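Here you get one chain, nothing else, as structure tokens; it is the form predicted alone.
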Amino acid sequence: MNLAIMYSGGKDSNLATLFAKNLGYEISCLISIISKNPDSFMFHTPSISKVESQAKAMQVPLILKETKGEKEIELNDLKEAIKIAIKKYNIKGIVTGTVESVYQSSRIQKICNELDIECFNPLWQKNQLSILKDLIKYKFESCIVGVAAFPLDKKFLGRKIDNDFIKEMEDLQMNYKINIAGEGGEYESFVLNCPLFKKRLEIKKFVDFFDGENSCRREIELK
């Protein structure tokens, strides 16, 4: 079955892609939505423009669609992008990296129902510590490109998701009740390498933006 991936460039969409591929599905294209609203309810925004480099590293076609990021209205742009994937690549379903967000999953499912295609959520309700450990297991190289919750701050930008990071997130979850995998928007990630990539991506330089002590993002430039 030909599938398209709802692709943000972060850990969850890449891990979901890997799981779908390991199950024998054909990954026909990636779909990425570039939102002009950094606080989009639906779409990942830090360093989102760099998904083009990730798609090239995966050697998979990419469909890019811009949106103003207006709540609910932005879903029309997603639907149009999926229509392009259906017409151009004959996809029969969408894969998402959704783990807990009912808001996101229900809206993508509704679009899929309207377009008469399947919706697959390989990470849905998966234990979130297990998700982080899977990143280590499958040798993902992921870094933090955005934080939006106390006590996370600018020192987390650029951090690798490794065993030390996971241990620290476990401690923060216990002490501050934040979501260990960032499902509450606590942090956003960007994948530089994983089993899907034909080559590793490298960061050339970056610029950090700050909305507050516990809200900042990193825009990266790749070599």
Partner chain sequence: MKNVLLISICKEPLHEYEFVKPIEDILERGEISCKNIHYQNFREEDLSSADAIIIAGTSLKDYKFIEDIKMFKWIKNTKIPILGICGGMQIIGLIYDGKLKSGTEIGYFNESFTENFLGLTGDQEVYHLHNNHLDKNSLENFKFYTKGTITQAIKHNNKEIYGTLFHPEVRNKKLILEFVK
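All figures in this text were calculated on a predicted structure; none of them were measured in a lab. Residue numbers count along the first chain shown, from 1.
Same protein, other form: the form predicted in complex with its partner chain, not shown, and the subject of what follows.
The three residues Leu62, Tyr89 and Phe197 each lack any heavy atom within 4.5 Å of its partner chain in the predicted bound form.
Note on the interface: of 115 to 123, 80 to 88, 67 to 75, 142 to 150, the segment with non-hydrogen atoms within 4.5 angstroms of its partner chain in the predicted bound form is 115 to 123.
Using a 4.5 angstroms threshold between heavy atoms, Tyr25 counts as touching its partner chain in the predicted bound form. Using a 4.5 angstroms limit between non-hydrogen atoms, Ala20 touches its partner chain in the predicted bound form. In the predicted bound form, its partner chain stays beyond 4.5 Å of every heavy atom belonging to Ile220. Remark: Cys216 does not count among the residues lining its partner chain in the predicted bound form, judged by a heavy atom distance of 4.5 Å or less. Contacts of stretch 76 to 113 with its partner chain in the predicted bound form, defined by any heavy atom lying within 4.5 Å, are made by Val95, Val102, Ser105, Ser106, Gln109, Lys110, Cys112, Asn113, listed in sequence order.
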